[in-house]
Ligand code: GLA
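Below you'll find only one chain, the form predicted on its own, shown as structure tokens.
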Amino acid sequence: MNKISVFEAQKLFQKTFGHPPVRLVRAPGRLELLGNHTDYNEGLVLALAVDKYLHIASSPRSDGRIEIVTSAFPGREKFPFDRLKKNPAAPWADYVKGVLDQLRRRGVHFGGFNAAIHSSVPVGAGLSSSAALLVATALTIRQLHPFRLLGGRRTTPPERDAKGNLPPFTAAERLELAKLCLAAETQFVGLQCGLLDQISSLFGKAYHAMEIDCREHTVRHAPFVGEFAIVVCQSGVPHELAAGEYNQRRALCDSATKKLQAKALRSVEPRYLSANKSSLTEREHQCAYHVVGEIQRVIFGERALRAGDFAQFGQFMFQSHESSRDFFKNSCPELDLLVELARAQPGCLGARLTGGGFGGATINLVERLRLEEFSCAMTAGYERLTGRKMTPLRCEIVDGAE
């Protein structure tokens, strides 16, 4: 575990509740390499779990109440374990409550607990701090009140070994947790997202990219090893995805799918889309064009990774951003500027927005030998043109939540 982040979670718990925690869990943030807004269209995505973690320190309590605190926001959120209602003063707690709600719907029994949350996953930067919180919450309950989910329902709970450790998750169990966390976000929080973020946090593998098939719900790992680094550049423009833009794009994709008489945009071939353009509105066609093309880029991008052709992969990244900017229209001037600044750097092979868009960050594929040169140039260029300070963030590819 990241020692600094773990220590901060433990320290916050001790300060808040007056005693050390009993359990600790972590969930990593994720980066979307390719596959922008393809997940809820039953498409393909290439993603990474990265070394920015959300930790939850916890202990059970016997009075049936839940009390949670986070280092990101002031105050505490307190509520009975059987009264899961939104609190407009603490919207961050909706993610915790949403997971608890879904666990109860699946027959999982749990009681009260105290929890302290500390995260090094940047909020609103496109690394999915929300999915990390959802996943870490599910893992916390599993540690405090062991459960196993299969087929959407609770089954025989796992047993601890002699050291008090629970057995590792099977792939089927990880998928069940991902689906549960997705349901929490769509039904309780209200963001109509796909499975990308939750699966990425749970199925990450060090030094590998994940190819996630969002129709078949399968994950393949492709080696991501070379003299290249993954660098995140934050625009300083926070994206508020639940505010409506994300849901509007999904609605456009859904309406295009219906008019094309397809099961999902995953089923639509580029030639078929072109032949039936007249049946769609301009915005429906633009969104469908982006998604259909993006799925193709994921297919060819994975082939490039397996062949070790990072130069070609970088070109797919640039193409992906151009499609997001021109057709899906989920970029913003600051993200476009970051990509163009990166394109001008000799050590950068590819750059694009990552995550939902409408702000957030870019992901950059950079030669390790030119990493410092790249970072300095990006920092200076962005501040000169926007007046905003920006420090590029290097990310390592890590294993999934535990």
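In case it trips you up, residue 1 is the first one in the sequence shown, and so on. Predicted model only: the values in this text are computed from it and were never measured.
As for the form predicted together with alpha-D-galactopyranose (GLA), it is not shown, yet the points below apply to it.
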{"query": "4.5 Å heavy atom contact, T362 and alpha-D-galactopyranose (GLA) in the model of the complex", "finding": "no"}
{"query": "Partner proximity in the model of the complex: A178 to alpha-D-galactopyranose (GLA), non-hydrogen atom cutoff 4.5 Å", "finding": "no"}
{"query": "Partner proximity in the model of the complex: C287 to alpha-D-galactopyranose (GLA), non-hydrogen atom cutoff 4.5 Å", "finding": "no"}
{"query": "alpha-D-galactopyranose (GLA) contact in the model of the complex: G355, any heavy atom under 4.5 Å", "finding": "yes"}
{"query": "Full three-residue contact with alpha-D-galactopyranose (GLA) in the model of the complex, heavy atom 4.5 Å, for R30, G194 and Y246", "finding": "yes"}
{"query": "Option from 331-339, 31-39, 64-72, 46-54 whose residues, in the model of the complex, bring a heavy atom within 4.5 Å of alpha-D-galactopyranose (GLA)", "finding": "31-39"}
